[in-house]
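In structure tokens, the next block holds one chain alone, the form predicted on its own.
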């Protein structure tokens, strides 16, 4: 997650001070991602150093120092919003690494490892669904975060199911085992 760009987005609404940015960030993310106030000020210092925000110099002690986005900051924000993230390489996902590692550990059933994680993910999906249903004053930002999390968890469960099926087929057809091309090459997407 880019806290830097989220802060620029909040500042695009108008000038704000650090604590206000922290509260609005948490509110705008459905209060799912807490943000340390120290991280806010560190990010603001970097943004100011890079010329993406400017601060008004607080003259009195105790006065909040306000920040506003610059033209360069608006350009940076627009570029970030309109540039797809680089997803050409598979991420170093801990669950994928666990499944791949389980294949190599003597005496460990990779199918059991998959099922333990699958059950856990299903329980998480149920918890997120209950949170969504229990929310009396339904909040759009929270709903979007919950939907994203449910879709993400569902895709991981589907991957585990696919991996389990592939491993079972490979066990019955030994020639299919671990031969084939390596993924050491990066996928090149033409635009």
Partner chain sequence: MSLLELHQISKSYGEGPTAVRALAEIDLSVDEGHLVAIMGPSGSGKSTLLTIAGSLEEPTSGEVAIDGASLRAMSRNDKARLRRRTIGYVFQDFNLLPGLTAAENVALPLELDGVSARKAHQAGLAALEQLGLADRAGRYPDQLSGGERQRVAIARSVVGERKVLLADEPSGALDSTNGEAVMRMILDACKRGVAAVVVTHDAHLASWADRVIFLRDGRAVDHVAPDLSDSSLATPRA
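Quantities reported herein were computed from a predicted structural model and do not represent experimental measurements. Residue numbers count along the first chain shown, from 1.
Although it is not shown, the form predicted in complex with the partner chain is what the next lines describe.
(Q) Please pick out the stretch from 49-57, 64-72, 152-160, 36-44 that is in contact with the partner chain in the predicted bound form, where contact means heavy atoms within 4.5 Å. (A) Heavy-atom contact with the partner occurs in 152-160.
(Q) How about residue 166 - does it come within 4.5 Å of the partner chain in the predicted bound form, if we only consider non-hydrogen atoms? (A) No, no contact at 4.5 Å.
Q: Indicate whether the partner chain has at least one heavy atom within 4.5 Å of a heavy atom of residue 98 in the predicted bound form.
A: No - in the predicted bound form, heavy atoms of residue 98 and the partner chain never come within 4.5 Å of each other.
Q: Answer yes if any heavy atom of residue 89 is within 4.5 Å of a heavy atom of the partner chain in the predicted bound form; otherwise answer no.
A: Answer no; every heavy atom of residue 89 is more than 4.5 Å from the partner chain in the predicted bound form.
Q: Look up in the predicted bound form whether residue 112 has a non-hydrogen atom within 4.5 angstroms of the partner chain, and give yes or no.
A: It does: once the partner chain is placed as it appears in the predicted bound form, residue 112 has a heavy atom within 4.5 Å of it.
**Q.** Residues within 4.5 Å of the partner chain in the predicted bound form, restricted to 22-49 and counted by heavy atom
**A.** The stretch touches the partner through 30, 31, 32, 34.
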